[in-house]
Ligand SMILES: Cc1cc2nc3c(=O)[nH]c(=O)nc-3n(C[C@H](O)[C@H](O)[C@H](O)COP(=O)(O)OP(=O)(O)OC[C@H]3O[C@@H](n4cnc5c(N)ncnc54)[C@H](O)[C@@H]3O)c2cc1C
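Coming up is one lone chain in structure tokens, specifically the form predicted alone.
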Amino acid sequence: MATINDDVFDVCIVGAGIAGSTCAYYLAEKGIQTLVLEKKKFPRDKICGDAITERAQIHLNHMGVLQEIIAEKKGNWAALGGLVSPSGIEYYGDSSKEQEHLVIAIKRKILDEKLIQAAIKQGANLVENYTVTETTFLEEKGIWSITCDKNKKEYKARVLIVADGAASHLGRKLGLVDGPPQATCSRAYIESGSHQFPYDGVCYYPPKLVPGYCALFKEADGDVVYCCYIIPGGECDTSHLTELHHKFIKEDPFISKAIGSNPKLEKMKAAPIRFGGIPRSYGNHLLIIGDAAGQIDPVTGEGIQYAMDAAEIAAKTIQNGMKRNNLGERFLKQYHRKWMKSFGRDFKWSQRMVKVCVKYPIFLDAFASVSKRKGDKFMTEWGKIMTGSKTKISFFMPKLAFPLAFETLRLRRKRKKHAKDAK
């Protein structure tokens, strides 16, 4: 392994998930000696919805990973799909003739290994089966000491990057991550040939689950990934995940129809979600990125695109700090400011949207109804906002706000009339 002076790396990243591997790639690309410590051995699984959005595709394309996945036919573009609203209004569109697709489904077991291999090709170093248990900052030397619980080699680095996931045991131990993750999601693959799902990707909003939702995405191998997201603010909390995951498969009229009567499902797996961003993602010679930093959208539970953006910002910040020989807390604070400006402030609007959806689920009905009239272009605009390609404040653009407002009023009048007639 190449290091700056035979035993001290420039940067040590704890966690080789999407955030950690992407950051390692960008650091190595800049000639910064980088070590990645991963507690498991690749290939390894990660609980996720597998939906890779446009914003993340930019990074994958830059790294050469997207091209590999497409060439190997390991990704499935979500061309056919849509959503089912809380009251059961269905909209399905087709973007197969479009030059761009908002989402491509890639199994995380495949994607994560591709990412770390891209980082290694760029010059990063990977150590697997290494569970970090202790980190100590040696103030007088400006160096972190990182150790494992199995008497393995001690590593040293000038900068420590925490990318150990939503639970972030290391981030909590360092005092920058506070409390448990707020949300959760489930995942189960449905074996190819055992389902009846005719689309590439559909989001379902069962009334009981709002602001959370369920999603089905078809993979390149024909499997379908089924996920159930519980987002705080509504009727359900994280303790209901197992019950609802299985209930919707059997009892939700739309999900059960899409899956079919005899699906071959893997055993449900679950993962925590920390969203909205932590108040401080930096310290002395220290940064926190990805799920550990809560860089996940509160309204969708999506975080891949934001983890990759933050990873690149972190790499640029460290590069500038090394040029100035300044890796202190005050200098690294700019990383936090930059990711907040890039996408963190938008999370505030997402939190407002969560409250709106809980109080007025008819808003989701209105969107599905307008999409049925206006077609794929309207759906695409919605999709770009929900996946982070455009800011949430874009919902206030007249071409979106006015149709949604008018349709919401129309649906309310219609329902009041039905209620009155029923009496």
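When you see a residue number, it is the position in the sequence shown, counting from 1. This structure is a prediction, so every number in the text was calculated from the model and none was measured.
Another form, the form predicted in complex with this ligand, is not on view; read the next lines as being about it.
By the criterion of a heavy atom within 4.5 Å, E38 is counted among the residues contacting this ligand in the predicted bound form. Remark: E302 counts among the residues lining this ligand in the predicted bound form, judged by a heavy atom distance of 4.5 Å or less. In the predicted bound form, N76 stays away from this ligand, with no heavy atom inside 4.5 Å.
For R108, a non-hydrogen atom is located within 4.5 Å of this ligand in the predicted bound form, even though that partner is not displayed. When you look in the predicted bound form, the only residue of K374, K46, K390, K30 with a non-hydrogen atom within 4.5 Å of this ligand is K46.
When you look in the predicted bound form, the only residue of V224, C214, A258, I273 with a non-hydrogen atom within 4.5 Å of this ligand is I273. Listed stretches are 242-250, 324-332, 348-356, 123-131; the contact stretch with this ligand in the predicted bound form is 123-131, by a heavy atom cutoff of 4.5 Å. If you take 13-38 and check each residue for a heavy atom within 4.5 Å of this ligand in the predicted bound form, you get V14, G15, A16, G17, I18, A19, G20, L37, E38, in sequence order.
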